[in-house]
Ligand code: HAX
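One chain is shown next in structure tokens, namely the form predicted alone.
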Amino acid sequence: MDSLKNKFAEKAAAVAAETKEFLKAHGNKVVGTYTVDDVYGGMKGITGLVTETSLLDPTEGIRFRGYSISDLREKLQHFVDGGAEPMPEAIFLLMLMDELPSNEDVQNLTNAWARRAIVPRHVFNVLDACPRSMHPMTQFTIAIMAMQTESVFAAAYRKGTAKKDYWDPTYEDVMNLIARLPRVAAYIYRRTYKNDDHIEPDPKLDWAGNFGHMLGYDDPAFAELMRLYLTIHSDHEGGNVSAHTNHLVGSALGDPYQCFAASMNGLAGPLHGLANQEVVRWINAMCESLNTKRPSKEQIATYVKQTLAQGKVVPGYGHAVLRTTDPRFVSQMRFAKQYMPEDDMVNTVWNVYDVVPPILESLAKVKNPWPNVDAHSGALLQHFGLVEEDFYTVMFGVSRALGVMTSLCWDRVLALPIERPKSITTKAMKELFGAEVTA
């Protein structure tokens, strides 16, 4: 057993015992109430599951084990080659262990993932059998399921592993899966967009830097962007579609590959992970219609109002929980001001940021007129030449694995039961409240 796994086993045993005592003392206490609107409204805001790794605060944004985005930039002092962006390995360790990692911890994890990163040949064969026109996210989920042949959890469960030990093979799958995702994602990118001109991994590089290398972007600034991107997209508490799907499938004891493939099919929805590419396409359409690469704020305001008048939304604005500018947007803005302050699309993103919130605020029904993470991320990738928007959600998925897979480990530690909420028909709902029931 490796040193991280030993440390996690000790932490897991203590937390599981503590949680058991908490439930014994407080299990019958009421958490909250909900309404008919909540039932029909997608259960938004109903507290109904546990996710240990992060919590989304409406005014402060995402907190990873209690630390905000700005806190992490200060406290995760784990950089590469004089860079300033914390390594994703550090956020993974924080989410897994609930403590700030040391430089040695981070380096050991980088090395462990490099050792585990070998993808079975049959996974590439499966991808090569797919049409090149197939959406990259579809290819991604196919590849994840093709790797399921390697599942340590599936093999252990078949042999009859004790329930208290389910976390152990889950941990092994999680570490292997995260290690291999950059290789798989880069293979899909080079296959789909670069005529099968593949780039071999460099085991001397960190996880994010190697991902950028295999994509074909060796600019040190791009590697820094990957470290930022893969860190800030890594988790967003448990109620979003991709995280909740991962938890739901895991509650039925699906192995991590099955859970993550399901999670990625959720991420692929246009109301979730596809939003970043929709922002780029909306900006491009605006610039094309106005015949300029950098429209004025007045032109943007007119176009925004036209978009809204057509019954459409301004992509990248609004969030189900946040009621302020997404700190992840702010962190990307900071990065852009350092590396690409004169970029046309980036400046358009900033001008949209100045223009859109006041317009949306004037609409009484809009609760959150502020930008989310998707409002900025695509412009950064475009600057470096990664212009294939359909691939952006795959990159999002590589990052999101850090959070949802860590959460799955904790689901198994806490022995959380199968998720099975009660549903009700509209007829039964009407009868419940004495409303008129039609045939």
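Heads up: residue numbers just count along the shown sequence, starting at 1. The structure presented is a predicted model; accordingly, all values stated were derived computationally and were not measured.
The form predicted together with the named molecule is left out here; the points below concern that form.
- Residue-level contacts in the predicted bound form: of G83, P201, G216, G318, one residue has a heavy atom within 4.5 Å of the named molecule, and it is G318.
- When you look in the predicted bound form, the only residue of M145, M333, A221, L308 with a non-hydrogen atom within 4.5 Å of the named molecule is L308.
- Every residue in the set V314, V366 and N372 has a non-hydrogen atom no more than 4.5 Å from the named molecule in the predicted bound form.
- Heavy atoms of G212 never reach within 4.5 Å of the named molecule in the predicted bound form, leaving it off the interface.
- Remark: P182 does not count among the residues lining the named molecule in the predicted bound form, judged by a heavy atom distance of 4.5 Å or less.
- When the named molecule is considered in the predicted bound form, R73 lies well away from it, no heavy atom lying within 4.5 Å.
- The named molecule is not drawn, but in the predicted bound form it has no heavy atom within 4.5 Å of Y392.
- Judged by heavy atoms within 4.5 Å of the named molecule in the predicted bound form, the contact stretch among the candidates 221-229, 100-108, 125-133, 265-273 is 265-273.
- Residues of 29-57 that come within 4.5 Å of the named molecule in the predicted bound form, judged by any heavy atom, reduce to K44 alone.
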